[in-house]
Structure formats: structure tokens, C-alpha cells
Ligand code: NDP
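Next up: just one chain, as C-alpha cells, the form predicted alone.
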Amino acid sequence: MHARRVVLNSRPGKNGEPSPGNFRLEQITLTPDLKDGQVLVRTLYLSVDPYMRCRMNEDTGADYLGPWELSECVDGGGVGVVETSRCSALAEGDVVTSFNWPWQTHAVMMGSSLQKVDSQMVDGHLSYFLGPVGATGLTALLGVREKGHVTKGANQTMVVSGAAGACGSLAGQIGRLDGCARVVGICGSNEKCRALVEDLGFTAAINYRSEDVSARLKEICPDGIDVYFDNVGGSISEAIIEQMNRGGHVILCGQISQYNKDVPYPPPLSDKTQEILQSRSITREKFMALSYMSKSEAALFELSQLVKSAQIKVLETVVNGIENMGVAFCSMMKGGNIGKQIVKISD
């Protein structure tokens, strides 16, 4: 049978922004004969995420992330349905997901590399397995819980950068549910600011493109900042850390503002910011959900309940068609999405 796939056509130049031309669409033929343990899957949804920018480089800068190879099929988070199975654990019609799903319309995969999921966990919104009830949700929930030290009744203020993105939009809501008195989001448009406050229940939002972040933080957070969920790094993070209280906590989740630059991860901080962290005993440790996989099952169940009961609202930006993977990825890297950027491949 025929399928279409996306391969890495070229790498961005040094310190370069990715472009849709870095990806190429190809037609392939899949063998109809499955080996023992294999399944044929039809892809429903694929995820594009900021960490993928690191995989476009020859060296990802992270030992747990392999680079995408030139002229090879790209992969990432995906969800699909089993069409044919020679794997005893999976039957035709099962919904499955994986972190390493090939960007293909159909694919032959080892059943052992797939995780079967129950569509009732997401009330049938299968794309949510790539967002709030998947790796993104785990990162937000476990990041806040393991590194944020939020205490109910302690009148804490949390700031989230990249707040209208997939992870930030969830992290802010979790901070609020866990007891933060104030949750402030930083994002890049007035439309995003409105969504954070009106749809997601953030206390306030700051548009970093049109407002003075430092001045606005002083107004909105008169008692300083206790918890910072950092998705962006760079000058915005330094402005936020400058207003953090003694004993505060930085949840170091991502550094999207730095991903097009040739710097190590996490990128180095200025001397001034280092001095603030040390003198005020502020913790700032790299956070990865992968380090807490023993807690993932309980966390996913909790996220499912929060989403189904509408205590967590889900924002998604959906693009249709495998031919638009590169466009969707590049748009997401420039902040073109509100919530999780998803590409719908088939019904």
C-alpha cells in the first residue's frame, strides 16, 4: 500500500531559524506482509513541539535526544489506530500512541513500541493524548508538583512564560488548582492574553511584545514572585528572576527563545542572574518528565479527571494534512499557536 511521509531535507543554518523547506514530503510503499509482533497503523494526529528544534541539529545538546537524520523519516509524538495486527497485545481498532511515531500517514511498527490508550480517558478527543493527557500534561503537572513547591494557603505568586503554549497553558492552571493565590502568564499577543485570563483563569497576562515586562510584573505581583515556570529562557526569564522572592523556585522546563542559537542546554545565565539565584537561595534545576515515569500512570489518570471535569480547559491549534507538518512546526516555533499545536492526519 502507498503512504506519505515527511523526511528531514536539510538542517537549519548555524543559529538559523527552521523553515518548511527543511522538510520534504515523499511517497512510499509499505509491504503488506507483517512480521510477528508488527502492526500496521493509520496515523490520526501528530504533535509538533519546541524540543524538536534541537533534533534538527547534528548534535541535539541532550544525551536523551537523538538527532533526526537527513533524508530519513522524522518522528515525534503521535496517536493512531491499528488497522492490521500480528501482535498479540493489540487488535484491529485499538487506539495507540508513541513518543517516536514516524511522520507518515500509515506505518508498520513493532507493537511493543506502542502504548494502547483508552479513548474514554479523553472523552473521545484523541489528540488530547498528545497534549493534556500525554507527555505535555505530565511535564506541566509533574513540573509544578516536583519542582514548584506550591503550598495551599501560602499566598504564593506563580509566573509562567510561554504561557499560551501547550505546556505553559496547563502549568498555570495546575498552579492555580494547587493553591497559588496569583498566576500570571507571559505571552506574545493580546489574543493570547485574553485567552489566558478569560478562558483559563489566569489572574493576569502580559504581552511581552508590546508591554514592559519588568514594570508590569511590579504592578501585578507587588509581593514578588515565588514560583516561575520557565518555558522560554533569555531576557524575559532574567526579568522575572530579578523579582523573585528568597527561597523561590524556578521550574526549568524549556528555553524556546534559545533553541535557534548554538548554545548548550540549559543556556548560561548572566552573572547578575546567577548572583540573584545564589544570594536569595532560589532553586533552578532542569526538569524532565522522563525522570519521573514511576509517577506517570497516576498523573495521567489525574489529568484525565481534571480535563473531563473541565477543571483544566484545553486549548488546541489544529492544522490539517501531513503536507503541512513543516509549516505547523515553523509556525509553532514563532508562537503561531494558542495551546497545543496538532496536525490532523486522518479521521
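It should be emphasised that the depicted structure is a prediction, and the values quoted were computed from it without experimental measurement. Numbers follow the displayed sequence, beginning with 1.
The form predicted in complex with the named molecule is left out here; the points below concern that form.
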{"item": "Heavy atom contact within 4.5 Å of the named molecule in the predicted complex, the stretch among 305 to 313, 65 to 73, 283 to 291, 25 to 33", "value": "283 to 291"}
{"item": "The unique member of Arg209, Lys272, Lys152, Lys218 whose heavy atoms fall within 4.5 Å of the named molecule in the predicted complex", "value": "Arg209"}
{"item": "The unique member of Gln173, Thr139, Ser127, Gln156 whose heavy atoms fall within 4.5 Å of the named molecule in the predicted complex", "value": "Thr139"}
{"item": "Close approach of Gly254 to the named molecule in the predicted complex, 4.5 Å, heavy atom", "value": "yes"}
{"item": "Contact label in the predicted complex: Gly188 to the named molecule, heavy atom within 4.5 Å", "value": "yes"}
{"item": "In the predicted complex, Met109 touching the named molecule (heavy atom, 4.5 Å)", "value": "no"}
{"item": "Proximity of Arg182 to the named molecule in the predicted complex, heavy atoms at 4.5 Å", "value": "no"}
{"item": "Non-hydrogen atom within 4.5 angstroms of the named molecule in the predicted complex for each of Pro50, Ala166 and Met332", "value": "yes"}
